[in-house]
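Below you'll find only one chain, the form predicted alone, shown as structure tokens.
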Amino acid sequence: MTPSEKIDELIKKINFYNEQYYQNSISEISDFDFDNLLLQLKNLEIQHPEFMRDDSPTHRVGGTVSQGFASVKHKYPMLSLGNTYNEQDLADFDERVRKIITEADIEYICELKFDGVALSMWYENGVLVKGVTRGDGVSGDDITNNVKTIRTVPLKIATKNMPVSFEVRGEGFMPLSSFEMLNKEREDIGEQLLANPRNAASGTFKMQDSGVVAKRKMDCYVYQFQSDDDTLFETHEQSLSWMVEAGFNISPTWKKCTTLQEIYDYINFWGVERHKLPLNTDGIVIKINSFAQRRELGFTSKSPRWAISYKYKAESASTPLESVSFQVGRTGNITPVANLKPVLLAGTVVKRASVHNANEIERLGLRIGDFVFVEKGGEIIPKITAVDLDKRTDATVAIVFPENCPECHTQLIRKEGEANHRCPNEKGCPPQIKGKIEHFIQRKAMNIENLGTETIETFFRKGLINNPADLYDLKFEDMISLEGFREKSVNNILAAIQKSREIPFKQVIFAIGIRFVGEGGAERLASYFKNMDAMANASLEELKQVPDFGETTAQSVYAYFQETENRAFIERLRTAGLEFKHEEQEIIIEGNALEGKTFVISGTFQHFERDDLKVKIEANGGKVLSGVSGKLNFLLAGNDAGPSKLEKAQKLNVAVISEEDFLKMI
């Protein structure tokens, strides 16, 4: 089988498994086997970029880094809808429609209005060629690489009645599960939590690194078909059915209604049931079903006359603030938590709400005993929105932010420019110690199974562990004597600890818990420095060169390795046998066309990710350097190549080549 045929076969298989999983909820293959197929495909595409297809599922994993998004003019303007919060406005809308459409029955399609980011996907000959944000309605940002990471958006379709060129529109969103996971990760590395999934989705789709977007598992519900051909469908209902057949992700929650009462019933039903959905909704969209009637009704300058949205009012409740407790996180951040008199809100009983920090307490003017208004931010996190000052009495008490840690009594610090108070006693504060160990053992870190919060609490209380390195000193006799521990459970713990010695270097970096270094940052550190010693001995300037590292993160990593105790901790992990080197991708020797030649890579490329280019150069006998110097042979410059590198290459008479030049060389 030729490489081209093998690539086609793998794409066909992967697309089939994707469709079964995302459209039919059937897992035909394990995650491991699926990822292995993707890896085979990616390796083949690296070796044979000339056979890479625009609809390749490897685009879903992201990795392309943009230096800014191009502005794209919409072929069909993305107008906004008129909003209403009451049934009378809907009745008035229906009356306006019937004054114009007088000689035919009127059908409406009711759809849930999902709370995310409006996206436009353009297809040519069945292949996704562009993904664009709404922008100002006339032009939007070209975020194609980010849209391609959404696994429910088809990269290629083949179905009946497909025009050569068409567009679908939908709502890109962050599922509640992804939002909760993201906030847990942010809390884990000491970053401020995101307010709601809508803002999180907007920020994610604007990210320059599509690899990060892919890891957040974004999704999209498609709700509109656009084409120059008015004869394809007579109704919106027909277009929805066609899009389902074509493989687009259409929410099954829509309904055809012929009377206002049916619309009201739909609104009332989803007013309750929407809280059970895996994403946020903020209302209902009511559209005329007939495309001919839509054309007759037309548009105003801002919105279509054939559609309107009904917005649900934010659910709010008033309840007394009984007390405020102060929690200590793994990184030492002190989070005030409002303890409320239990109140029913959006289908659940709310007892507590995060107040984030001292600034928020001051902004809201909170006092113990106040009646406060509580909403669910993004339908997930209860938040206090205001104080009911009409109910304030002389009995209320000011909230005093503690000067000392509520757990270890160390004086708190608050650095200039930071919103949080923090306990600096990371080596002696019990919640920080236990939090660091819990972080160390989690699945994305050292993945030590059979250890949980209660077990860690027991080991800590008995003096068996005081930092993560102590896990590797645990012995059978230490645990078997503890109440509730049996031979099997003890052996399982020891086996899991032993297995963690095989965990890759990037996860070790994440596990050690450097402030502001999340999973992605750890991966970039591993890829950049290759081993623990190079990273630990890096200067601040070198750390700032790590891709997508800001000043704060670089400072945090540098400061971590300046601490003698942290160095000692790292040495204990080395002695325990943890992986301290980054495993390079296996180089498959293809030839010697680049033998003796050196390259520096800068910018983004059409056929390769930067790491893949490095593999390709080395597979053909060349060598990749980190900086431009007089000894360099070629600066391989893609889109948005670094201006300083280009300028230096020109001064030193280093040849600057394009991706096309490079492909000719090999």
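All residue numbers refer to positions in the sequence shown, first residue = 1. What you see is a predicted model; the values in this text were computed from it and never measured.
Keep in mind the form predicted in complex with a small molecule is missing from the figure; the text below concerns it.
Of the residues Lys287, Arg274, Arg422, Lys376, just one reaches the small molecule in the model of the complex with a heavy atom at 4.5 Å or closer; this is Lys287. Here is the short version: of Glu426, Asp219, Glu111, Glu523, the single residue with a heavy atom within 4.5 Å of the small molecule in the model of the complex is Glu111. Stretch-level contact analysis of 483 to 491, 556 to 564, 112 to 120, 158 to 166 against the small molecule in the model of the complex, using heavy atoms and a 4.5 Å limit, identifies 112 to 120. Though the partner is left out of this view, Gln238 does not reach within 4.5 Å of the small molecule in the model of the complex, counting heavy atoms only.
In the model of the complex, no heavy atom of Asn592 sits within 4.5 Å of the small molecule. Heavy atoms of His439 never reach within 4.5 Å of the small molecule in the model of the complex, leaving it off the interface. Heavy atoms of Val212 never reach within 4.5 Å of the small molecule in the model of the complex, leaving it off the interface.
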